[in-house]
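Coming up is one lone chain in structure tokens, specifically the form predicted alone.
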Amino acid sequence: MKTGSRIAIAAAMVLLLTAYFLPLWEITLSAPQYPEGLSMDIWLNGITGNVLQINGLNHYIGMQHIDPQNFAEFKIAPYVFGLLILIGSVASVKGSRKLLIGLLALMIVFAATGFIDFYLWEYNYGHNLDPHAAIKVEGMYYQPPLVGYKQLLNFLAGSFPATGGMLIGLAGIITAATLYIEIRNGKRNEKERNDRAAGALDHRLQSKA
């Protein structure tokens, strides 16, 4: 790997490190009775925000209470990010393209797994309702959007990456772009070597002739 690529990967790992200090995702709820809105911030190892108020609303419509202690993901994710940062740091120091390929593959797998897990949690959260809830609306489910906005009764629910999530996305883009550049440069260098070797061979053949 060239020096610029190694610096880029080091910078990407610094961006991944911010996941330990910044929220990754934000879910918001707005309604006329809550002019300032309600929100939850999802971190690498927990949830903060208006969790108590949202749980109070959930109680009336039969939705499950949100308890960070019930999420195994919050115990696993810090170690996964630590592994990614370790692999990326070693790749940057050693200039290893193979480690860089492994890093990007793990980042893609982890991101896909995370979104699938998030969607499945939202689906269960919005569909597995208490049949004895105080408020029941026939045929109504309360699954929040994966990304974007969705109307749920008189609440407008929003789901978007927070600052940490955007920085992680940027780290992924930097990693993918760096690997692409490295592979492209490698192919170009190989072509130049082959052209030089072919030219040298032609020169020797002409000399013998």
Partner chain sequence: MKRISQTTLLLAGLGAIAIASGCKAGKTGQAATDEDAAKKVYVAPGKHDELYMFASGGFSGQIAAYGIPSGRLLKVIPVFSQNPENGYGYSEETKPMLNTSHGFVPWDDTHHPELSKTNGEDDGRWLFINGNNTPRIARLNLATFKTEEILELPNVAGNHASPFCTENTEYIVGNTRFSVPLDGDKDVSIGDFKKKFKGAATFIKVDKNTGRMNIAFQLIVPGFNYDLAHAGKGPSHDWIFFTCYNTEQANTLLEVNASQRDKDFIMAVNWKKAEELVAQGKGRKVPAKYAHNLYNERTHSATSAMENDVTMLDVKDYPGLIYYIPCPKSPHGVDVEPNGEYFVASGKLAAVIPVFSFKKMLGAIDQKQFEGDFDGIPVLKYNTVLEGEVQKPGLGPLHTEFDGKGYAYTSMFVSSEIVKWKVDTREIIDRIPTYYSIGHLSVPGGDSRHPYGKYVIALNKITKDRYLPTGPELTQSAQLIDITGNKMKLLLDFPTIGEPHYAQTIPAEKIEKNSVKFFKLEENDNPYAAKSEKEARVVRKGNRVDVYMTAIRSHLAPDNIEGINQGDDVYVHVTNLEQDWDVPHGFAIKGSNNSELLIMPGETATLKWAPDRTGIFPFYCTDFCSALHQEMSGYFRVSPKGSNVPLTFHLGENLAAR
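Since this is a predicted model, take the numbers as computed values, not measurements. Numbering follows the first chain given and starts at 1.
The protein also exists as the form predicted in complex with the partner chain; that form is not presented, and the subsequent description refers to it.
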Is Leu57 close enough to the partner chain in the predicted bound form to count, meaning some heavy atom within 4.5 Å? yes
Heavy atom of Phe160 within 4.5 Å of the partner chain in the predicted bound form: no
Evaluate Ile116 for contact with the partner chain in the predicted bound form, applying a 4.5 angstroms cut-off between non-hydrogen atoms, and reply yes or no. no
Flag Tyr34 as yes or no: does it have a non-hydrogen atom within 4.5 angstroms of any non-hydrogen atom of the partner chain in the predicted bound form? yes
Tell me which stretch of 66 to 74, 141 to 149, 34 to 42, 171 to 179 has a heavy atom within 4.5 angstroms of the partner chain in the predicted bound form. 34 to 42
As a check of understanding, the residue in Ala105, Val137, Ala112, Ala134 with any heavy atom within 4.5 Å of the partner chain in the predicted bound form should be identified as Ala134
